[in-house]
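First comes one chain, alone, set out as structure tokens in the form predicted on its own.
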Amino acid sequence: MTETLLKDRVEEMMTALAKLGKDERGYTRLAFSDADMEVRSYLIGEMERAGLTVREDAFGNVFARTRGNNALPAVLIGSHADSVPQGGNYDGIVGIVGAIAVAEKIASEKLPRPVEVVLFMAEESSRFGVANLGSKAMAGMLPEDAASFYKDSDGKTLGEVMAERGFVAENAPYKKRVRAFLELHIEQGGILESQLSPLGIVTGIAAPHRYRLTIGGRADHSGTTPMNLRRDALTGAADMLLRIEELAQANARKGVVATVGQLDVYPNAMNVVPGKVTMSIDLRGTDEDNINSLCIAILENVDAIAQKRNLAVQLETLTEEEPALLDEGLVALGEYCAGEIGERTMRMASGAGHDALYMTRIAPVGMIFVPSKNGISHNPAEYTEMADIVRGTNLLYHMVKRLAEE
């Protein structure tokens, strides 16, 4: 009966959200955009409909709490709703929808410990180049200059964008005691599907090191400048990009990856030798030493290529986060509850970053993965079977119920 009730609510909310922030190229709900705020408003309405007490912090994170003994530390559950450009309707959405459904069911059972749903703002890095801003604000981890330092592609600062929405780009520490934080999420990879495992119990979360590299050459006429006299910033960047890939492949067995996902060329004209290029570098792994080792190797090679090609390079650090291991007790609880309801699980690390990573600073954290069809995410083709979403939501419910009964 419980699973049926959860299924009905999850299907209802997923269907409604499938209509918001969508165009012919997918879902685009960039942080604090009109589409993001429309989804936020819908979810607040569903929280209120579930009988939860709703509030927000200065950063815009939303909290929806069940009744209970507020002297007891609450169980927090939730995820995010913003997306990458032209993404899907499952990343983050599955977790916040599942959390609302679970809290609504828990509220009807009147358990002693309160349960609180958290909708984190600005989880994706697509708009400001840095991820998990809402959970960082909750954990007191936003840099002091965040409001002015982080900018979107239009040059608007995080502070300006948030002020337009009535929020403040500064830390908003969560001051109440927390029993645990649990997050349900799609895997965003193909491991569960390849292993025919319906559920993943996450043991650790990789952290991103992100940099902006500016490569300076000289803009020249494409017809009159001989090849041997060129200081072509784009060919230099291409050389660096391929070397970064080679280094990452050589270190793949250490569990680290590197990606160059953004490239801006100046002046970006067909008949001009490129004079400047900026590109992003995203390094990730679950071991800090391995991340740092790859970073050093990349920087040494970038410098060598720049000297060889007579180019100038400037590296700007956007973020250097620490990976985290999740709470062993909650990992065991997830496996125990799955066994109780007859579900199979596998332990796995998360290569993607999540708000759960920063919640480890203030609470024991557990995380549940459900399969992603063909391992696809951050793509309009992103898809998770409804049966898998309900299965993950049901496991979340049983974990939360056991914690809330304590």
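Owing to the predicted nature of the structure, the values given are computational and were not obtained by experimental measurement. A residue's number is simply how far along the shown sequence it sits, counting from 1.
The same protein has a further form, the form predicted in complex with a further copy of the same chain, not shown here; the description that follows concerns it.
**Student:** Any chance G68, E320 and P364 all have a heavy atom within 4.5 Å of a further copy of the same chain in the predicted complex?
**Tutor:** No, because G68, E320 and P364 lack any heavy atom that approaches a further copy of the same chain to within 4.5 Å in the predicted complex.
**Student:** Find the only residue in S280, N301, S197, N171 having a heavy atom within 4.5 Å of a further copy of the same chain in the predicted complex.
**Tutor:** Exactly one residue meets the criterion: S280.
**Student:** By the heavy atom within 4.5 Å rule, which residue out of A163, A332, M227, I296 makes contact with a further copy of the same chain in the predicted complex?
**Tutor:** For this set of options, the contacting one is M227.
**Student:** Please pick out the stretch from 234-242, 320-328, 104-112, 152-160 that is in contact with a further copy of the same chain in the predicted complex, where contact means heavy atoms within 4.5 Å.
**Tutor:** Correct option: 234-242.
**Student:** Would G204 count as a contact of a further copy of the same chain in the predicted complex, using a 4.5 angstroms cut-off between non-hydrogen atoms?
**Tutor:** G204: no, not in contact with a further copy of the same chain in the predicted complex.
**Student:** Might P380 be said to contact a further copy of the same chain in the predicted complex, defining contact as any heavy atom within 4.5 Å?
**Tutor:** So P380 does not count as contacting a further copy of the same chain.
**Student:** With heavy atoms only and a cut-off of 4.5 Å, decide whether G26 touches a further copy of the same chain in the predicted complex.
**Tutor:** No.
**Student:** Does a further copy of the same chain come within 4.5 Å of any heavy atom of A352 in the predicted complex?
**Tutor:** Close contact exists here: in the predicted complex, A352 approaches a further copy of the same chain to within 4.5 Å, heavy atoms only.
**Student:** Which residues, if any, of 260-280 lie within 4.5 Å of a further copy of the same chain in the predicted complex when only heavy atoms count?
**Tutor:** Residues within 4.5 Å: V260, G261, Q262, L263, D264, V265, N268, A269, M270, N271, V272, V273, P274, S280.
**Student:** Kindly indicate if, in the predicted complex, the C-alpha atoms of A252 and P198 are closer or farther apart than in the structure shown, bearing in mind the change is 3 Å or more.
**Tutor:** The answer is closer, because the C-alphas of A252 and P198 approach each other in the predicted complex by 3 Å or more.
**Student:** Given that the distance between the C-alpha atoms of A252 and G200 changes by 3 Å or more in the predicted complex, do they end up closer or farther than here?
**Tutor:** Their C-alpha distance shrinks by at least 3 Å in the predicted complex.
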